[in-house]
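As structure tokens, one chain now follows by itself in the form predicted on its own.
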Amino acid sequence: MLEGVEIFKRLTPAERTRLAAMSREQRFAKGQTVFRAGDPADAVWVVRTGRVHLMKFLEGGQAATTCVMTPRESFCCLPALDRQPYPVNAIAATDTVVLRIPIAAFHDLLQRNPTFLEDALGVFCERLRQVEHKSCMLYDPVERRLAQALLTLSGKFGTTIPLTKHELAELAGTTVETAIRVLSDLKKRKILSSSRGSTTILQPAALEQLAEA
């Protein structure tokens, strides 16, 4: 599995085997917490099966999803790099299996393998750019934020995205009621279709126009 994870692709087979031997699989039921914001960063995580949402819980109880992590994606590597606490909550959005890689093993690779260090920094920088871009979207119209969120998710899932409207609202930083209204309008315009728990993009070009408007 590690061979298919971007950050570990250029490790040698022996290095991946050694890393796998030091790692452990953990199972989480839907809704369970993998770790909480403020917990010590003691591991790097990889989704094996299922889906993990990285979330912030705001004052008043509102939830905001910062990232959706899918199989073969690593998450919360940056806190493991600087040994600072996790900045977000990681929640299993479905029944999920994750691989827990101890921080000591991760740091050992960083110190011994310059290629791995380069790849790790590249992944971290790209994640930071995505977070920065999302923070700049906060004042965009909801329609644009939802369009951008759907396009990002289509890169992970394809044209049919298995997230509920509630989950899409948390990802776009809006209320469920507003998300339902905007998605219903896009459905009337034949840009999207939807069924219980999923949304399908019918006109990617039209959605891209909304995202760039």
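Just so it is clear, the structure is predicted and the values come from calculations on it, not from any experiment. Numbering starts at 1 and runs along the sequence shown.
Separately, the form predicted in complex with the DNA exists; it is not shown, and the next lines address it.
Heavy atoms within 4.5 Å of the DNA in the model of the complex are found in one stretch of 64-72, 165-173, 40-48, 151-159, which is 165-173.
Scanning K56, R27, R181, R36 against the DNA in the model of the complex with a 4.5 Å heavy atom cut-off leaves one residue, R181. The DNA in the model of the complex comes within 4.5 Å of a heavy atom belonging to P141. Although the partner is absent from this view, T12 stays clear of the DNA in the model of the complex, with no non-hydrogen atom inside 4.5 angstroms. Residue contact with the DNA in the model of the complex: P204 places no heavy atom within 4.5 Å of it. Taking the partner from elsewhere, R196 is found to have a heavy atom lying within 4.5 Å of the DNA in the model of the complex.
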